[in-house]
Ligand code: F6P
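In structure tokens, one chain follows: the form predicted alone.
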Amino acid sequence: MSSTIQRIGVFTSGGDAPGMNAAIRAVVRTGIFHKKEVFGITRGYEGMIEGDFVKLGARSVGNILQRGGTILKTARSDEFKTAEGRKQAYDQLRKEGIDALIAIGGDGTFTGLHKLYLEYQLPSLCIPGTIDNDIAGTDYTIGFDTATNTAVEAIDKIRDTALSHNRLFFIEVMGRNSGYIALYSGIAGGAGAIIIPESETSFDKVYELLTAGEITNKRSNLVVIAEGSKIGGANEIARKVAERTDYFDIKVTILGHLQRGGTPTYFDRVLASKLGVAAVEGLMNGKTDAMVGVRDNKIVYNLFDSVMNRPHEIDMDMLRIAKILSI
């Protein structure tokens, strides 16, 4: 396989995540190290359909390790979801002589590349890049650590004003349908309650937990809520609490896309570098139609069928720990 692959295409797709540039850098330099040519495909599948390719050299990916976002840009493509769109993309790849692909993204990215592989058998691997950490088959995804650190920094600052004014803050963090960012940032930030999609917590239980603080005259508190919460977002839950009691001075903060940007942490840079190297060398060793991941600090290759549309299970004991520490 290593002798047949000569030109590797790399692209980012879906939501951006800090550390994607480190992964691009690793793919490019590893490819060049092994005497392969590497082409960047800009704007994900949209750029693939349009033939928007640029040859990348070792120097062209210099000084990007510390940058958030993605130098290759990212976009979602409805056209690629069609057989006609994928045919056009494949024709563009053949025209450029690209004979293998490495995608950096999440579930949607993986699904698209899997379909392209089934139709045209183009060797391809995916690198998990999403702040949500919601992909099965890997302990961590690129961007999760940075996003969680950003959330913790914000929670720490909000705590200062909560204590100063005896306020109850409801803080909503990103994560789509995953509670990883909320759970980890909530524990690290000392939240009084954490609400995630994976738990069966009802509003009544949350309210009971908050009002228990009245007994000890606890007026300032923080509640961290994942955006995919089944009992509502921060604004809705705050409104319901306010309707039942006037004991608290309630405020709401929604962190939003603040969590997607910024300088990637050392952890995300190292993770992205390891996965980028493993993706190129995996292709050279015959791995295809799979996702590169890290389990127990070891590189693994997961077949797409084993990770696509499957949740990354949360250790629910972490919620028990959070409850113990919130008293």
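Note that residue numbering follows the sequence shown and begins at 1. Computed from a predicted model, the values in this text were never measured in an experiment.
Not on display, but discussed next: the form predicted in complex with the ligand.
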| query | finding |
| --- | --- |
| 4.5 Å heavy atom contact with the ligand in the model of the complex for all of R76, D132 and R176 | yes |
| Contact residue in the model of the complex, from K287, R29, K36, R260 (heavy atom within 4.5 Å of the ligand) | R260 |
| Option touching the ligand, based on a heavy atom within 4.5 Å in the model of the complex, out of D99, D107, E227, E198 | E227 |
| Location of the ligand contact in the model of the complex, chosen stretch of 243 to 251, 185 to 193, 123 to 131, 155 to 163 [non-hydrogen atom, 4.5 Å] | 123 to 131 |
